[in-house]
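What follows are structure tokens for two forms of the same protein chain, given separately as structure 1 and structure 2.
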Structure 1
């Protein structure tokens, strides 16, 4: 068995053991439940835009679990539909950041000339705070869910690329990689067969933080009116519309705020649990 096969086998075994642990299973089940509820929202709870002036600003009850807003709309329906926007943005940004960031990180870590150029570009992007860059890009692109996804992807790619680059640089110095290069192995074969599998652990952990950051950034953009349009219920929009009513109808803000906190906490807990499981030192300390 080669060193590369052994390392890949150990990473796969650690990941399988991680999925059997409650610290990972519980967040995964919460995410699955949130996804199912979001997909079935129209059938479960109805139209989030239905206006009923006679039921405006009603407190939470059996008829309206999270109460109603200033237009008589169900806060529960709007919050549940807002879950769809958050999950869509989080998943889209994460997948795009993985595809682009992993590609750039592998190239940068394996080709010195490419590294000198790419990492300076990544440093320039990372020097600007994420939310400020996203707001500037939204001012350029215009409001909209798709534009928000693009605006969030751009500042998140460098973080993923740097993580993959660091792992690639460490793997590139291993004896079996140097031997393969000496024997004339093709660079693409080395990258995809030996290097890329070894980045799976750090890449997966970083992906959870990218997901959380994307959800929070989208909520901030929508709160400021630069994200999802007003007719599309998102957690940021709901909180923004309800902030002036907080003293007389706090449930309008509390419901989406709690859901946002639970989603971000769940994804971050999942990332921490995976990191602890994949790191041998942390596994020994938690025994």
Structure 2
């Protein structure tokens, strides 16, 4: 058995073990279902942007499962397409925050010279309220899903970087890292082979929180009129536009509102479950 297969084997069995736990399995299934629905949305359901003002604000019916909005667009179609946006935003922000945050965090935790400077910058970003920073960035970039993603990434990076830095600092002091140094590991190997794998767990947990924070922030930005362009059917946009309609057409906001809350709840629960799974102390206690 080569090293690679051993590793894969171990990872696979860890995955199997994790999936055997309902606390992890259920959120993963929900996420998979949401992803499949999102991917199939164009095939499953009509155009989310096609307007028909003459059929506006119709109550839910068989033809329009969740009714129509003020443009006569299908709320069901918009909500389903909104899943794409929310998942896209969540996933891209998470991946980007991971890439940047992990790089900065590792660098900061490993190279004392850049640590002070990097952390001051991270402090500065964190000291500006997320929403305010994101609104300002959206004013700078203009409305757009991609721009919203960037505007959300920037405030999320320091959080990820701080977590990774903290873990790196503590891993760096572990004897097995000293052992690796005495074994002649080059700095890059030390960083990527020895330190980084140990940050994976906390990173993963933090990633789920970044994901849910991103989805919520996107919704709030849309809600404040500073998110994706209005014609993009993001949940935040649908809720934002339907807000004034609540009393005459509550269906416009209920579907996306419920979907949003479920998605975020799912991801957060997944994060909690992974964290408990990784923390032997908690695992022992809660098993």
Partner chain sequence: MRLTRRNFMLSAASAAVASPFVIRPGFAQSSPNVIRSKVIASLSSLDPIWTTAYITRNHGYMIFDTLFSVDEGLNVKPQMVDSFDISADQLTYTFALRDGLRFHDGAPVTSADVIASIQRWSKKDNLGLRIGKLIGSLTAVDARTVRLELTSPFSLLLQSLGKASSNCCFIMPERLAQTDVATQVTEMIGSGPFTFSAGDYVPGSKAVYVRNADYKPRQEPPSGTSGGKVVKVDRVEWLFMDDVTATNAMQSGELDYFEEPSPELLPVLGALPGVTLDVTNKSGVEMVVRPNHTAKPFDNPDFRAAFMRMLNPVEHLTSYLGDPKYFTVDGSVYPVGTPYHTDAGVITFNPDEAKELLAKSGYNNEPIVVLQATDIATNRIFSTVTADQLRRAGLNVQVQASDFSTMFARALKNDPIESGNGWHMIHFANIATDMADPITSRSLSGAGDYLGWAKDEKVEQLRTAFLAEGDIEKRKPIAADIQVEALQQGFIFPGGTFYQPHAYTAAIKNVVSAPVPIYWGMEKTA
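Numbering follows the first chain given and starts at 1. If you superpose the two forms and keep the largest set of C-alpha atoms that fall within 1.5 Å, you have the rigid core. Since the model is a prediction, treat every value here as computed from it, not as a measurement.
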- Structure holding the form predicted in complex with the partner chain is number 2
- Query: If we fit on the core, is the Cα of residue 202 displaced 2 Å or more between structure 1 and structure 2?
  - Reply: no
- Query: Quick one: once the rigid core is lined up, does residue 146 have its C-alpha move by 2 Å or more between structure 1 and structure 2?
  - Reply: no
- Between-form comparison on the rigid core puts the Cα shift of residue 72 between structure 1 and structure 2, in Å, at 2.4
